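Read the single chain below, which is given as structure tokens and is the form predicted on its own.
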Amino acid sequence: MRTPPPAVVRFVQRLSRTLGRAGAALKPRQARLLDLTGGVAAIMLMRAAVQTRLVEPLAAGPLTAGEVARRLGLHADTVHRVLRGLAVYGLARLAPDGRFSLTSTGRLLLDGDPHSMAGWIRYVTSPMVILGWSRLPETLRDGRPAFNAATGTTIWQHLAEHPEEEEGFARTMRELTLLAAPLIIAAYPWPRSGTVCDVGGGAGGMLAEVLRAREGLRGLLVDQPGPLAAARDYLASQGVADRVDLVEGDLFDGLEASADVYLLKDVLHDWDDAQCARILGTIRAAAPRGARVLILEWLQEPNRAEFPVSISDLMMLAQTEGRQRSADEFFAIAAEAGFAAGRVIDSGAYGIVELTAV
């Protein structure tokens, strides 16, 4: 499917938000609040669906709850009630004859769908994420990162100690990257040749998409040994492994990666300002003069409340030591690390904040 122009994406997003606010304004206040409290039901229904693979039998066509239950070894009446709940939220359809089918949105709960968000559902409803959110009242009082304060460790240490969760987290981040990548690639004037280095790029989802779109570029992927091991197979599956060098490196302690363009996708929002300055300083020590750094993140203006960025900012508060930032906030941090401010581009999916090594 052809990627729509970023301007079209931005228009549709703003129109959707405007219509949503207008529709909500027509409801009584109590009804609006009741709609919001239904959010916990929606997310937990989706968690139940992906954890049990509940909707997988519906991929081929409509079935009754009894038929689904028999295929999966589940309780038929409960299957009917949960699928009916998914229908309330537009993820399934319930026909008068009792058969259920998936909507186009509901198909995103399928693990095998090319645009699956099943991994994202598993992540945002995982015990470690819920634990961070549950401490938010205390965080309001003391300002301490919620997950750190609740567990005495960071989310990164937790993931390192739980490889299965770490693998699921990496898969989830790759799913989200693949959704945004076409718009990011369309919005930025990438060089025709040279080297692009993805710093903290996991298995290389964003880097692979850039290289597939620009055949004259080579890639460097910098991360820890675990993600790099997974990257070998993934990059090979995308047909770009022969154009990528894998480099073991640390965001804070140093990396050996000279490139023309460096990517930082959803990295800096995990850290506080001082840690962001260290990360950028690490890259500056490796980067030649004139190299560009592209910060790829949702941009949060201080006095603008907007979905999804303002909610992502709270996610960072609940899970990490970071926050979503504006371009000006990034520029202020980057200046201390030896970078000059460049362009700011709205891709329709992410902001692209450009820095130049000076």
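Please read all numbers here as calculations on a predicted model, not as lab measurements. Counting begins at 1, following the sequence as shown.
A second form of this protein, the form predicted together with a small molecule, is not displayed here; the remarks below concern that form.
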- 4.5 Å heavy atom contact, Trp156 to the small molecule in the model of the complex: yes
- Task: Please run the contact check for Gln224 against the small molecule in the model of the complex: heavy atoms, 4.5 angstroms, yes or no?
- Result: yes
- Query: Is there any non-hydrogen atom of Arg122 lying within 4.5 Å of the small molecule in the model of the complex?
  - Reply: no
- Message: Since only the chain is shown here, I'm wondering whether His269 would be in contact with the small molecule in the model of the complex (any heavy atom pair within 4.5 Å).
- Response: yes
- Item | Interface stretch in the model of the complex with the small molecule - options 249-257, 132-140, 113-121, 208-216, non-hydrogen atom within 4.5 Å | 249-257
- Message: Considering non-hydrogen atoms and a 4.5 Å limit, which listed residue (Val240, Met173, Leu102, Ala286) is close to the small molecule in the model of the complex?
- Response: Met173
- Task: State yes only if every one of Thr177, Gly200 and Lys265 has a non-hydrogen atom within 4.5 Å of the small molecule in the model of the complex; otherwise state no.
- Result: yes
